[in-house]
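One chain is shown next in structure tokens, namely the form predicted alone.
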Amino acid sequence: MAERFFTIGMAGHIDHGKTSLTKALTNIDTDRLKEEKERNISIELRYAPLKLNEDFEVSIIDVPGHERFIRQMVAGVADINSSYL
């Protein structure tokens, strides 16, 4: 079977659990900056790999959910292939 790779963008309003869901799925805390920890918000976009099995891998992009960080949001979701939607 051919390897398959997908990308999931976790985008939405602040405080809706995107980072918590990403951590629950991948065991990776995508909020790494000191300011992100202190304010409990994502500022920079982060990627977390999720290997479901040897043939199926997902890359999760956790993007900021605050209007001040719209450039980071766009950068994070710009490369997502929506042809599977």
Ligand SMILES: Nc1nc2c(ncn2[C@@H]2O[C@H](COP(=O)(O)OP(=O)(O)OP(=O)(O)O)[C@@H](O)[C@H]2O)c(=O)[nH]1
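Quick caveat, the model's predicted, so the values are computed rather than measured. Position 1 is the first residue in the sequence shown; the rest follow in order.
This protein has a second form, the form predicted together with this ligand, left out of what is shown; the following refers to that one.
Taking the partner from elsewhere, Gln72 is found to have every heavy atom lying beyond 4.5 Å of this ligand in the predicted complex.
Not displayed here, this ligand is approached by His13 to within 4.5 Å at the level of heavy atoms in the predicted complex. Looking at Gly65, you'd find a heavy atom of it within 4.5 angstroms of this ligand in the predicted complex. In the predicted complex, at least one heavy atom of Asn40 sits within 4.5 Å of a heavy atom of this ligand. Residues of 16 to 51 lying near this ligand in the predicted complex, listed in sequence order, are His16, Gly17, Lys18, Thr19, Ser20, Asp31, Asn40, Ile41, Ser42, the criterion being any heavy atom within 4.5 Å.
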